[in-house]
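Shown below, as structure tokens, is a lone chain in the form predicted alone; questions about how it binds or moves come after it.
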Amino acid sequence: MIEEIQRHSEALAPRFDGYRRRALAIGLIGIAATVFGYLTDHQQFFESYLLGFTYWVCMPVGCLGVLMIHHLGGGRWGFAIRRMLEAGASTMPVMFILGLPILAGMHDLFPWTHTEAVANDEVLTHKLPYLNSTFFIIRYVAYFAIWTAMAMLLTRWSVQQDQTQETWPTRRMQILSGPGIVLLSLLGTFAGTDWLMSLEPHWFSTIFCAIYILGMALMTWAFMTLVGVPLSKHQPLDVLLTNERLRDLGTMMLGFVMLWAYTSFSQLLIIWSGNLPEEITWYYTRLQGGWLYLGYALIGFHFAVPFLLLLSSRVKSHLRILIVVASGLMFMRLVDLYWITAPAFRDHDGGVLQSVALTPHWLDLAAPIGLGGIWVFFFFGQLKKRPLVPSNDPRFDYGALAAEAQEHGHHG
């Protein structure tokens, strides 16, 4: 059985190579356009690059989180997508490198890096022990160092479990995953504060980073669906990624769509009812002019439409609809982050955000496309390194899998 899995996995290598070539071509075109944007509009380059980075960093971090959930809870859905989750989590060093321009452009992005602004602002002076350039860089390195270490350990132990009948590798993965999820959430909270909330350092929300972390998980489920549906037509995943398992992915997307909507509405309700000037100004900008219609789009296409479609098991059984919903959610996650980041760079007057027009820039698409192409290239590079189905896991019934594979082959 193990040899058969290995053989079928190797047979998919040319397909993965094709995906990689297309992703690299798209990524290089996007990066070239982004570099051109840097030469023509220095400020806009860093704004759009931050959007692309905070979008794509969600993938390895989200994959790591879902992978640890699988190790703790088990479930056949996890065995079906474990290799994809491991491949995504293994790209953490890639995102560390791709995020370095953010460190180079700190002065263009974050107002708390301006010494004169901090000196004349009591709030920024109070936050200086945390919001300073040196500590920001240290935290950035620490986030990726810890995330990468956890991803490497889980991947290494998974490979070791493939090679032995002993259960200690699985036990180690379970032991790490419990505190690992807590640590991942804690670091994600600090990262969301650093990269997004500190764009407007006068504003704060205790729910904001939870919304960002939930968005990471939602992106992961959507991406697993987009990759899993095509792979479900090929061995060895055809007997694991059945329609029932793919519906499970749709159910997971539904759950996190609801959680994202609940936390987002809770933040709006609490801030709006409190009506404090230092809090309400964040929404004031984003609920004026074109930004308001963008907010309506988020309500409609980030929540209402996918909620109604994913609520029905019959609808989720149609794989084309599932792919459309997953693709739509991936795009709406980018729209949501644009709605969060772009208004932060508009004009200020006396520390109060003013109503500004919605003016998208072509770099807001070029930067995410470029970074995304590079990330997908490395993702499929990691995916082709190992068999697509884990072996020797004590929690999985490989006898039943072999019987299903035999039956599938008989009817196929």
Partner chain sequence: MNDTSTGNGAHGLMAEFETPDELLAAAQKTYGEGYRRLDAYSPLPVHGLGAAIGFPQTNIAVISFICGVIGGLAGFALQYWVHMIEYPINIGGRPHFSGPMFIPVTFETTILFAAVGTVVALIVLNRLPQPYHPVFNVPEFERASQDRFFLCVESTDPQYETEGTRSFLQSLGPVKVSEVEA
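Positions refer to the first chain, counted from 1. Being a predicted model, the structure only gives us computed values, none of them experimental.
One more form of this protein should be noted, the form predicted together with the partner chain, which is absent from this view; the next part is about it.
Q: Could you tell me which stretch in 332-340, 270-278, 289-297, 315-323 has residues with non-hydrogen atoms within 4.5 Å of the partner chain in the predicted bound form?
A: Partner-contacting stretch among the options: 270-278.
Q: Please check if L308 has a heavy atom lying within 4.5 Å of any heavy atom of the partner chain in the predicted bound form.
A: Yes, L308 is a contact residue.
Q: Would you mind checking 250-265 for residues with a heavy atom within 4.5 Å of the partner chain in the predicted bound form?
A: Heavy-atom contacts within 4.5 Å come from F265 alone.
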